Structures are given as C-alpha cells and as structure tokens.
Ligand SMILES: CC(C)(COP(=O)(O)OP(=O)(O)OC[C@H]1O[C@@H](n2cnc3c(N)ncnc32)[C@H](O)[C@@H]1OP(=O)(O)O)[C@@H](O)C(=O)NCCC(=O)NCCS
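Form predicted on its own, single chain, as structure tokens, below.
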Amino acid sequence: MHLQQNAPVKDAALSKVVVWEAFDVTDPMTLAASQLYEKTLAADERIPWMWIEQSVQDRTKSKPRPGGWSRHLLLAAPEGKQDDPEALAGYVYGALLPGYGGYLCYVGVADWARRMGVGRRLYDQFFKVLRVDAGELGEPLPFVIWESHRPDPMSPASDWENWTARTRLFDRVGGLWIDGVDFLSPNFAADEEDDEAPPVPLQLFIKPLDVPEAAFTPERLREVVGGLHRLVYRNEPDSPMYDRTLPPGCEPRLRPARVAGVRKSERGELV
C-alpha cells in the first residue's frame, strides 16, 4: 500500500497536528509509519523496521529494564485523522540512554505535510517525552543528539535544498551543529558479510538541555561523540569507525545548525 496525496488529507492537514505514541505494531498507523520510514530514509542509513517494531512491542510487555533504553515511536497526523493511514504526517523514533542523554534516531515527514510545522511538533514532543523518562529515573537530561546525512558536494541542487531546509528546522528546535566531526556509521544496506561496504558519514546535531551550551567544550564534545559510538554502535576506541570519527587533533565545536546547510565544493569553497 502506498500513501496517497489526496484532497481530503490536504484539507485535514490545515487543522491541528496531533502527536501520540505507537503501542501496537498491527495498528494501520504504525504500518503506515513503516512505509513512510522507508520512503524518507536511504537504505544505507536505516536499521531494519522490525527492530523498531520490537521496541514498540517491548513497551507494551514490560517496563524497561534498569539501565536499559527507553525507546519511543511517536506518530503525527491532523486532528481527527489519527485512524487514517493516508493522513500520517510524520514519525520520530528515538530513546533515552540512561547516564548519557537523549538520542533521536530517525524522523520523517510526508511530502504533503512539509512546511506545516509537523517536524517541529515531532521534535518538541520527543524532547518532552525524554524529559519525563529522565525524571522517572531521577536523572538530568543533559542533551538530545541526532545525526543527519549531508549530500555529497556534487549531489543535485534539490538534495541540497532539502538539506538546507532540514538544517533550518534543526535551528528552530534549538539544535546546534557539532562542527569538525564526520561521524562514521555502519552501512545498513550492505550484506552482513560485506566487510568492504563503506561507512556512511553523518553530521551530528545536539540540543543542550540541562547542561548549558558553554559546557560543551571540545573535550566534552569528544566524550559525547565517543559515547554515541560506544552505546549505539558498539564501537570502542581503536576500532576503525571510532578512530576515523575522532582522529588525533580533532577539535569539535558547536555552531548554529543552519551553518551546516551551506553547500561547499570539493575544494571546500562556498558555492
């Protein structure tokens, strides 16, 4: 089934956007989210949807184990259309990592719902959900971090326009770019036995919450980036992706997210 961009959905999109958490993997809205997930993310960037489904199932079966991740899949649709799969406006998936911070794994917005504030609603609600999780654990929420794939310098102009729009959204939700780091993540489109598949370089963005922006020194940012590798990707120091992400002399710094949206040539010149 493909989501249709029909007139009723467009009309409904003019009303209030509602965001709620998915708890049923058989719900048509959750199934619609799986299709939007595959449509909005490149294969080399996304984990198998069944992993996300498992997270949804686990939340209905029991409370997260002590020290375990608190995972959430949030969905968005126009008010009154929460049962209409064709009206699914977007989704966000991520988790609280106890002792570390928040990690926003994936977010996507339907084509028809762009420029309607859906992305901002999803980010804001996700931040609120993680604050509740942290409060239940008696922990602060120092930050929420997320990744995004910057186009290649020679990519089509349309790709760069989408990237620029994305970084402006990051700006609006309070995200800052961790400049000076190309975070290397596994290529999820590769076969399990394909050791030669190149990693996917991603840009990192962070929203400081219970820790002030000024506290994110280069040393602290290296710890944050290293923690993401260790906790999410199981990459330890001396592993290729970890060491190539944080080479000797790496001095990351925070800059406005919109600065990451500037297109550069292969020689690093602004174009």
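Predicted, not measured: the structure shown is a model, and the values here were computed from it. Each residue number is its position in the shown sequence, starting from 1.
One more form of this protein exists, namely the form predicted in complex with the named molecule; it is left out here, but the text below deals with it.
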**Asked** Do heavy atoms from each of 109, 120 and 166 fall within 4.5 Å of the named molecule in the predicted complex?
**Response** yes
**Message:** Residue-level contact is defined here as any heavy atom of the residue lying within 4.5 Å of the named molecule in the predicted complex; does residue 185 satisfy this criterion?
**Reply:** no
**Asked** Heavy atom to heavy atom, is residue 139 within 4.5 Å of the named molecule in the predicted complex?
**Response** no
**Request:** Indicate whether residue 197 is a 4.5 Å heavy atom neighbour of the named molecule in the predicted complex.
**Result:** no
**Asked** Quick one: is residue 131 in contact with the named molecule in the predicted complex, heavy atoms, 4.5 Å cut-off?
**Response** no
**Prompt:** Which listed residue (40, 54, 34, 239) meets the criterion of a heavy atom within 4.5 Å of the named molecule in the predicted complex?
**Reply:** 40
**Item:** in the predicted complex, the residue from 161, 124, 84, 179 that sits within 4.5 Å of the named molecule by heavy atoms
**Value:** 161
**Prompt:** For the chain shown here without its partner, which stretch in 131-139, 73-81, 94-102, 167-175 has non-hydrogen atoms within 4.5 angstroms of the named molecule in the predicted complex?
**Reply:** 167-175
**Complete:** Restricting to 210-247, the residues within 4.5 Å of the named molecule in the predicted complex through any heavy atom are none
